[in-house]
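Starting off, we have a lone chain in the form predicted alone, written out as structure tokens.
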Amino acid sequence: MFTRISTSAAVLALMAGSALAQQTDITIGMVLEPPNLDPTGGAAAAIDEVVYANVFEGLTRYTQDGSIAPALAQSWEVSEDGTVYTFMLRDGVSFHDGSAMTAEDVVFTLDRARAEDSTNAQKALFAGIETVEAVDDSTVRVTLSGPDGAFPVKMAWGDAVIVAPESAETNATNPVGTGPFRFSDWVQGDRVELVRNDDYWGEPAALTEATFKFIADPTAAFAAMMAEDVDAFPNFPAPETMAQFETDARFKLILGSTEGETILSMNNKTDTLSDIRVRQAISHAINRQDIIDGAMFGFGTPIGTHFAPHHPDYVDLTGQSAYDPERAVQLLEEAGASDLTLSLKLPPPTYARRGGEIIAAQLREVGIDTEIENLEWAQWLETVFRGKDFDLTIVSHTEPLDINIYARPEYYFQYDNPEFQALMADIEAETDAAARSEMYRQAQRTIADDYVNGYLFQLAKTGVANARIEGMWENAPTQANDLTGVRWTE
């Protein structure tokens, strides 16, 4: 009897282990529901969080470390003057409705995105295109109005995914792409369901089904994870509860960074802040770690310039503006700027409101008082962003590779450096990858040397997942829940 029970138990254990190892469905938690499912016709990040790389693909694509890889274009060539890109498309690619993806679909997509009546949220990505031609079914020639070394990066955005003329108008509710997953169902207010595309041109996904479940309330999100009703929550909305998951063997934390450079923006045109010594003093008065701990529950990566730490070209310049209150006081004395009172206008996010209180206390220690004004987003956009009526503010800039905003003197922090503007123009025109990398490093050093803003931290990507899930992105170089490499382990 004893032997029979032991044998049966062993068999059951093996069967259970096999069943666990074979799990191929997943439920992903998301805070926001997308307004539609067409990344070429909407600005909401939640659209890409569902469909980027899963349902739709572009000529190129972002990888987890922020680099650009081939996607529907297996390779490309650039003319010597940098104005003509010739893309060689992959063979055997089909849309989910069975129709072949050819060069004509690329022509249609790019012409549609740059058309006068285009509803593409990032129409500027396509502004430099003069013509798009199908050389043959598998070759596309794009001629630009000027050299643009960043063109392959622009083609990796979700707004540049390739769509077919037959389904373009209905992609908002019934998306038809070329990716490893097909759209299955959308229960509005609750979930979107995808199924594996068994006719995918590339390596098939390990998952056969994926459900994106919308849970906006942080308490409900915590309960859903704890009950294992949700398998993973890549952007978990309650970071204050992360410690509870960390001590629970059922879960693992997936921590990384986003494209969100969180900065203490300074108005470089005011009488006081036009003095670099004052801006430098403010930068040295800030203890980044205190802000990360107090406002973000410890989640965030310190930065010393406006560039994502996960990007291959990132330069760590945090030491240049290290916390040094004595140096801050000395700089203020040199500038003759004692007894300062500056406005600190804060938008709604908790990183801004909580962080603002901490920064106000730190500035007070070196002799700078602040008048805090809490604004709603509409007020912040009107007063700070458009009206430039502020001294200091805190905001996270979430667009990828957006250091070029420092080349716009009219931008809200009003930094006007002709040499930097020329450097950005050179980067735009440079087609050699190594040369562009060095230029980006120089750009980071330039704005750090000028102490344009107080650089605080890269907004964290705080995720929670079942401990048996592997392959989820730690970082977010673009706003996506890429499931192409996700799988369950034993």
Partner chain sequence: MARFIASRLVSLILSLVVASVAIFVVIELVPGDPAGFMLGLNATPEAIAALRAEMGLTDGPLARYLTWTGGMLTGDFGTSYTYKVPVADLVAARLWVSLPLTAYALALSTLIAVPVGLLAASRRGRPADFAVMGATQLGIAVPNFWFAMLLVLVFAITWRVFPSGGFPGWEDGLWPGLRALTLPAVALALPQASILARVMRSALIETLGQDYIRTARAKGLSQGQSVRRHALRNALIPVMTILGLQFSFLLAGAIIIENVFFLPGLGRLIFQGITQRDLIVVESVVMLLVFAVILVTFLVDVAYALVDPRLRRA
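Quantities reported herein were computed from a predicted structural model and do not represent experimental measurements. Numbering follows the first chain given and starts at 1.
Beyond what is shown, the protein has a form predicted in complex with the partner chain; the following relates to that form.
Determine whether any heavy atom of residue 319 comes within 4.5 Å of a heavy atom of the partner chain in the predicted complex, and answer yes or no.
Residue 319: no, not in contact with the partner chain in the predicted complex.
Is residue 463 part of the interface with the partner chain in the predicted complex - any heavy atom within 4.5 Å?
No - in the predicted complex, heavy atoms of residue 463 and the partner chain never come within 4.5 Å of each other.
Just checking whether residue 433 would be counted as a contact of the partner chain in the predicted complex - the rule being heavy atoms within 4.5 angstroms.
So residue 433 does not count as contacting the partner chain.
Within a 4.5 Å heavy atom cut-off, is residue 253 in contact with the partner chain in the predicted complex?
No, no contact at 4.5 Å.
Position in contact with the partner chain when the complex is considered in the predicted complex, options 287, 280, 120, 265, heavy atoms within 4.5 Å
After the contact test, the surviving option is 120.
In the predicted complex, the one of 380, 299, 126, 413 near the partner chain [non-hydrogen atom within 4.5 angstroms]:
It is 380.
Stretch from 208-216, 101-109, 299-307, 267-275 whose residues place a heavy atom within 4.5 Å of the partner chain in the predicted complex
Selected range: 208-216.
Using heavy atoms and a 4.5 Å cut-off, decide whether 41, 191 and 229 all contact the partner chain in the predicted complex.
Judged in the predicted complex, 41, 191 and 229 all sit within 4.5 Å of the partner chain.
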